[in-house]
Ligand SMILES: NC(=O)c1ccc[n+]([C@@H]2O[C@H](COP(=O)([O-])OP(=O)(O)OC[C@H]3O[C@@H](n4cnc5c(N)ncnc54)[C@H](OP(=O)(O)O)[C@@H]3O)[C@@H](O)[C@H]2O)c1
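A lone chain, given as structure tokens: the form predicted on its own.
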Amino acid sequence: MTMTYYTLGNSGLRVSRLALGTMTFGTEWGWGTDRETARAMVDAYVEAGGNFFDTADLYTGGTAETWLGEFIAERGMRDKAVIATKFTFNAEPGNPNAGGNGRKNILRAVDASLKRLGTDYIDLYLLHVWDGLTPAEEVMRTMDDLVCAGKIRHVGLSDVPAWYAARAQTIAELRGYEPVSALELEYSLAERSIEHEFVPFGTRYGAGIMVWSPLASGLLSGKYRPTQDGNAGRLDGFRNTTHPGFQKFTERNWAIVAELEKIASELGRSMAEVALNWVATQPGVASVILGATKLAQLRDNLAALDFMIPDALRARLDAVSKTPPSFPYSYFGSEIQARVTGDAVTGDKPAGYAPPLLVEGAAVSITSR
């Protein structure tokens, strides 16, 4: 395959459209992979042209960062690699300042991540999850200080409300801080909520979307079936959890799986390849994070962009996975718009009105997402 690279948001950082996730690096959580398999996956990913690695300080208790840093050092590719890591979660019960998004924890967490990764800078540093408390002003000022100190290069947000992301970006623009270049969010055929606010925000205000769980925790890979009492996979172990990321066994999602299986058969591709291709080619998406526990899974996923989904088949996927818009988007229909425009005919600007950046090379195309 020929890997394609996008600039991340409005930044100049070029990242491969498929990123390698490392949440599975280590066996501490009971379903990860051993060291040699993790190293083999890094090798296969790099050989396919990938340069974008996603990790976090608490993935498998810090093992993921440590192994990733060692694998990158072994290959002598630190300058080539784009490392994204995250902070927020607390690893010290009883110490409220060892987690969250306050300045004290950010400064503690970044130094700990740098040490585990064995590097003196992080390419993309992300807030992992909204803590419901810390003002965006404090987060963005601290992140900008880290950029000025040379410890991080770019800033991102993961799993925050859209209003908080907008607030953070506005503060950065107003005060001249390093802006938000990336939004790391869950997105798949089974979870399309970000289309209402995050996609418009990202495309208009310069934040490329990094997709996590593009296969809905494995649901869209075909390994689960509604008729089974138990499914041999990670999701089955979370049937009774309250974690929202694992609430996937629904009638709507089984219908998506059934249609996806039909379309994959028509294309002669795996269900995972088709699901990944669909999400990677949606508006606003800069990179899709691949998470695998087996080398064969990763190799299959790396082929996800080697084909195109015909419009007719894409329409079927869109239809089966479509979710009714919630308020206020449910209110913005054609009748309301007709009252806004006085029934005058309006439309999009013509093609080429504001052409996107597009640089074509022999093996690489770069465009902004």
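Residue numbers run from 1 along the displayed sequence. Just so we're clear, the structure is a prediction, and the values are computed from it rather than from any experiment.
This protein has a second form, the form predicted together with the named molecule, left out of what is shown; the following refers to that one.
Here the marked residues Ala162, Glu191 and Ser287 all miss the named molecule in the model of the complex; none has a heavy atom within 4.5 angstroms. For the options Ala207, Val274, Ala292, Leu124, the residue carrying a heavy atom within 4.5 angstroms of the named molecule in the model of the complex is Ala292.
In summary, among the residues Phe71, Phe198, Trp278, Tyr224, the only one with a non-hydrogen atom within 4.5 Å of the named molecule in the model of the complex is Tyr224. Looking at 173-181, 99-107, 131-139, 295-303, the stretch with residues near the named molecule in the model of the complex, meaning non-hydrogen atoms within 4.5 angstroms, turns out to be 295-303. Using a 4.5 Å cutoff between non-hydrogen atoms, Ile256 does not count as a contact of the named molecule in the model of the complex. Contact annotation for Phe52: none of its heavy atoms lies within 4.5 Å of the named molecule in the model of the complex. Though the partner is left out of this view, Ser11 does not reach within 4.5 Å of the named molecule in the model of the complex, counting heavy atoms only.
Not displayed here, the named molecule is kept clear of Thr119 by more than 4.5 Å at the level of heavy atoms in the model of the complex. Along 311-329, a non-hydrogen atom within 4.5 Å of the named molecule in the model of the complex is carried by no residue at all.
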